[in-house]
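Given next, in structure tokens, is a single chain: the form predicted alone.
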């Protein structure tokens, strides 16, 4: 992964008002804890060497825990560098609702899962989705709408987004 792509991803995130941090496996827990506003819920990350087990995050939350949560933590299948977007799978773990209902979303993406642009993302996903059709959400920054006049954030999803970029080994 080039540092140029990571820097471009970071700049795009900041353009959308998304805070972010880059960490290695050893620093993951403290980086994650710094990003949380409790109570927090999450879904298993599925990345070797890191988990939510040692953090104050309720994994596999009940609907009541999800409604009460301030932060939702999910893995991102991909990050799109030019847009600062995440691809969040609509999976049985509940990644989509955990990313959308709490007012703060913390997306964890591996550097190796950053792609340059949307065509690269679609190339990356095309074969996998052709074999196993699925649903996913591209999320770019906080949820916002101007349908009612002034821009209002947090109407259809999180009001605040934070990215944790996990360095490759």
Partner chain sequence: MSVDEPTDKAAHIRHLLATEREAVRENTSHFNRERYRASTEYEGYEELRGRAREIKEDAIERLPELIETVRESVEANGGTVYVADDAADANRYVEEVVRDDGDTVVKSKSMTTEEIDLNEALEAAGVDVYETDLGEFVVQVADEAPSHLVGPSLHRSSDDIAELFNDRFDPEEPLETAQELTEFARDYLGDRIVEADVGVTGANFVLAESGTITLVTNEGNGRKVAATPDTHVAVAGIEKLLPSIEELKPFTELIARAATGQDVPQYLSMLTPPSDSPSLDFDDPTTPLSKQGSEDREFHLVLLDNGRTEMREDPQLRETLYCIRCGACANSCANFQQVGGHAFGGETYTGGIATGWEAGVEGLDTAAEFNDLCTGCSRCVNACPVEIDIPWINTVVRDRVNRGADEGQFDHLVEGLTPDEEPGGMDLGKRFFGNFETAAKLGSATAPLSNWLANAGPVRAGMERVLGIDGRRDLPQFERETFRDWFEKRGGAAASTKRARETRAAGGSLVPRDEATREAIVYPDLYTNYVRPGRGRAAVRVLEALGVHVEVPDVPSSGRAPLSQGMVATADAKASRVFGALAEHLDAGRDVVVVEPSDLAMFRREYEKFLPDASHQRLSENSYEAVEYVFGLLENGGDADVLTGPDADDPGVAYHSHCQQRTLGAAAHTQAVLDRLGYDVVLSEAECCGMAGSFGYKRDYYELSMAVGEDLATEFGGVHGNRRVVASGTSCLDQLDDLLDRKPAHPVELLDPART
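Remember, it's a predicted structure, so these values are computed and weren't measured experimentally. Numbering follows the first chain given and starts at 1.
If you look for the form predicted together with its partner chain, you will not find it shown, but the lines that follow are about it.
Novice: Which one, 135, 30, 38, 112, lies within 4.5 Å of its partner chain in the model of the complex by heavy atoms?
Specialist: Checking each option against its partner chain in the model of the complex, the one that comes within 4.5 Å is 135.
Novice: Test of understanding: in the model of the complex, would residue 60 fall inside 4.5 Å of its partner chain by heavy atoms?
Specialist: Yes, residue 60 lies within 4.5 Å of its partner chain in the model of the complex.
Novice: Since only the chain is shown here, I'm wondering whether residue 53 would be in contact with its partner chain in the model of the complex (any heavy atom pair within 4.5 Å).
Specialist: Residue-level check for residue 53: no, no contact with its partner chain.
Novice: Using a 4.5 Å heavy atom cut-off, state whether residue 123 contacts its partner chain in the model of the complex.
Specialist: Close contact exists here: in the model of the complex, residue 123 approaches its partner chain to within 4.5 Å, heavy atoms only.
Novice: I'd like to know if residue 94 sits close to its partner chain in the model of the complex, meaning any non-hydrogen atom pair within 4.5 angstroms.
Specialist: The answer is yes: residue 94 has a heavy atom within 4.5 Å of its partner chain.
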